[in-house]
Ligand SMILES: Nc1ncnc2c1ncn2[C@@H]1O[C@H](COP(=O)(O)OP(=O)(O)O)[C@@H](O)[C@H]1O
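A lone chain, given as structure tokens: the form predicted alone.
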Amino acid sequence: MILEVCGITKTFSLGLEKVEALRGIDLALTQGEFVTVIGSNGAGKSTLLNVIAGTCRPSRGRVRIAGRDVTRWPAHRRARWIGRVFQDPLRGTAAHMTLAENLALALRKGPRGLGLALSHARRRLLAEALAPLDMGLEGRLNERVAHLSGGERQAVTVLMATLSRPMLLLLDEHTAALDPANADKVLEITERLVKENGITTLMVTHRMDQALRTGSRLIMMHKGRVQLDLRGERKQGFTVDDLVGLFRKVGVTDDELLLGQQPLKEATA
């Protein structure tokens, strides 16, 4: 198993009130598996990713990566095995640095040896890595990332997260801030890079259609628990209407998720 989440519970204290964000989550992902996670607001989706990444320590339970118990490991110690892409395109790159410098840092997982990383041969390799994105970025290696559009920047972030071929890729609604055309483009790039590198992937999304058509397995969360785990032919036979019915059954009635479409958010060009 690449990832094993065993009996994970997370309780937050808000003043005198205690909120259970995760309630006994069990989850296992095998090599190369691509799992989408969907759930209502407050279902615990991002908290689950934070626990796996090490930015949030669980109240109870264990997290194992490739058989190693990493429950008490800080995020930086797990980082060599985990790639992560957030919803905000600005979070995954250093705006003041060039495209080449960002990619070089992603390859080396740290700042040491940056000069060597940007040798002529390395720059050629970085350009070759950018070319399949089909955005013309291979000719803009010397340009600061701040000059890229939101869609370009998020595509670069996905590439950076997969360049070092991590064991596990965590995607936290990474297309939600983009307009529909850029969202589809970034998702297509994501699927291709994941498949080419055989990376085990956990992708949180608010879009039911995206969750159903992407990956080989779908997990539905609600109030900190896994309510549904679909895979194979059973997943292929599910529709958006089927998912809406299940959410209504567990008590979700007015969440934006039930619109069955991309949430209405300000698009990033």
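Numbers follow the displayed sequence, beginning with 1. Keep in mind it's a predicted model, so treat the numbers as computed, not measured.
Separately, the form predicted in complex with this ligand exists; it is not shown, and the next lines address it.
**Q** Quick one: from 215, 54, 44, 58, grab the residue that has a heavy atom within 4.5 Å of this ligand in the predicted complex.
**A** It is 44.
**Q** Does any heavy atom of residue 25 come within 4.5 Å of a heavy atom of this ligand in the predicted complex?
**A** Looking in the predicted complex, residue contacts with this ligand do not include residue 25, since no heavy atom lies within 4.5 Å.
**Q** Give a yes or no for residue 16: in the predicted complex, does one of its heavy atoms lie within 4.5 Å of a heavy atom belonging to this ligand?
**A** Close contact is absent here: in the predicted complex, residue 16 is far from this ligand, nothing within 4.5 Å, heavy atoms only.
**Q** Quick one: is residue 200 in contact with this ligand in the predicted complex, heavy atoms, 4.5 Å cut-off?
**A** It does not: once this ligand is placed as it appears in the predicted complex, residue 200 has no heavy atom within 4.5 Å of it.
**Q** Verify the contact flag for residue 210: yes if a non-hydrogen atom of it lies within 4.5 Å of a non-hydrogen atom of this ligand in the predicted complex, no if not.
**A** Judged by the heavy-atom cut-off of 4.5 Å, residue 210 is well away from this ligand in the predicted complex.
**Q** Among the candidate stretches 45-53, 227-235, 28-36, 62-70, which one is within 4.5 Å of this ligand in the predicted complex when only heavy atoms are counted?
**A** Comparing against this ligand in the predicted complex, the contact stretch is 45-53.
**Q** Going through 199-238, which residues have a heavy atom within 4.5 Å of this ligand in the predicted complex? Please give them in sequence order.
**A** Residues within 4.5 Å: none in this stretch.
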